[in-house]
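Here you get one chain, nothing else, as structure tokens; it is the form predicted alone.
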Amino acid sequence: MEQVLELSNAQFQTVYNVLSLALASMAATTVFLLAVTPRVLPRYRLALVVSAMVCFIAAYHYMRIFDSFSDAYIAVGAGTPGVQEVFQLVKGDGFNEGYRYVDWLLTVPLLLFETVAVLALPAAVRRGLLWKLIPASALMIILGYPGEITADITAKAIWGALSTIPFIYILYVLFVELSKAAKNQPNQVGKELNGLRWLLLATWGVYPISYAFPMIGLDGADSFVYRQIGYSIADVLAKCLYGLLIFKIARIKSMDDSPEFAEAEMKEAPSSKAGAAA
């Protein structure tokens, strides 16, 4: 990948703030998911713990991405009359985009695992789905990385096309086979599961669009900035929002599985409000 040598002040601040937003979102969602784990039945807690792990891993890598970006560009011309401040790439260092791919290699399989885990499917069905989804997700990330780091448009297109094959397979499993496996779920869970799959499709669709910017003539600083915005916002939606939906499904299934649990939860809510009012 060709390094962008110079960013305007506005471009630098945009990337800086987007990375900061993503880091804060991942950290906050990690804490929330761990805090609400006792609010679901034990059989669904694994899904929440895995979702918290996804956000924690992402928060760590966003901290590394943030530091790499901050260290890679230095301000030039600040305070000089008549000279507009810009940020230039530090010679010999550069911005490490590889942190994103390490993050995705770890978190994308876990995202798919938590989707299957929250449904509490029979062991044989669960294993079958995981054997299809997790290797395909790892292959998708591995095939996309060479295209990300190359400046050759032809090579980028080839690796992007290869990465799209497991991506389409994952969508097939999520939309077809997972639908069959989830037929015995409560009606509301079916609706939420459908929302999960469309969220994955919408957010994962941002990644190839951002990846393809250089291939459609958008290059240089603009391509770099738009790519960082696209990747970061998609990560927040695919991990933080996705984790919150996983919690919602776990709550619905917990209430449906155990009337006693549902009654205890419903009793606790009014008492909590009363305590807060007092």
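Residue numbers run from 1 along the displayed sequence. What you see is a predicted model, and the numbers here were worked out from it, not measured in a lab.
Just so you know, the form predicted in complex with retinal exists too; it's not on screen, but the next bit is about it.
Participant: Even though retinal is not shown here, does it sit in the predicted bound form so that 167, 208 and 238 each have a heavy atom within 4.5 Å?
Facilitator: Answer is yes for this spot.
Participant: Given a 4.5 Å cut-off on heavy atoms, tell me which of 190-198, 158-166, 127-135, 114-122 is the interface stretch with retinal in the predicted bound form.
Facilitator: After filtering at 4.5 Å, what remains is 158-166.
Participant: Is residue 99 near retinal? Define near as a heavy atom within 4.5 Å, in the predicted bound form.
Facilitator: Output for residue 99 is no: heavy atoms all beyond 4.5 Å of retinal.
Participant: Wondering, does residue 95 line up within 4.5 Å of retinal in the predicted bound form on heavy atoms?
Facilitator: Because no heavy atom of residue 95 falls inside 4.5 Å of retinal in the predicted bound form, the answer is no.
Participant: Determine whether any heavy atom of residue 73 comes within 4.5 Å of a heavy atom of retinal in the predicted bound form, and answer yes or no.
Facilitator: No, residue 73 sits far enough from retinal in the predicted bound form that none of its heavy atoms falls within 4.5 Å.
Participant: When the contact criterion is heavy atoms within 4.5 Å, does residue 174 count as touching retinal in the predicted bound form?
Facilitator: Looking in the predicted bound form, residue contacts with retinal do not include residue 174, since no heavy atom lies within 4.5 Å.
Participant: Select from 125-147 the residues with a non-hydrogen atom within 4.5 Å of retinal in the predicted bound form and write them out in sequence order.
Facilitator: 140, 141, 144 sit within 4.5 Å of the partner.
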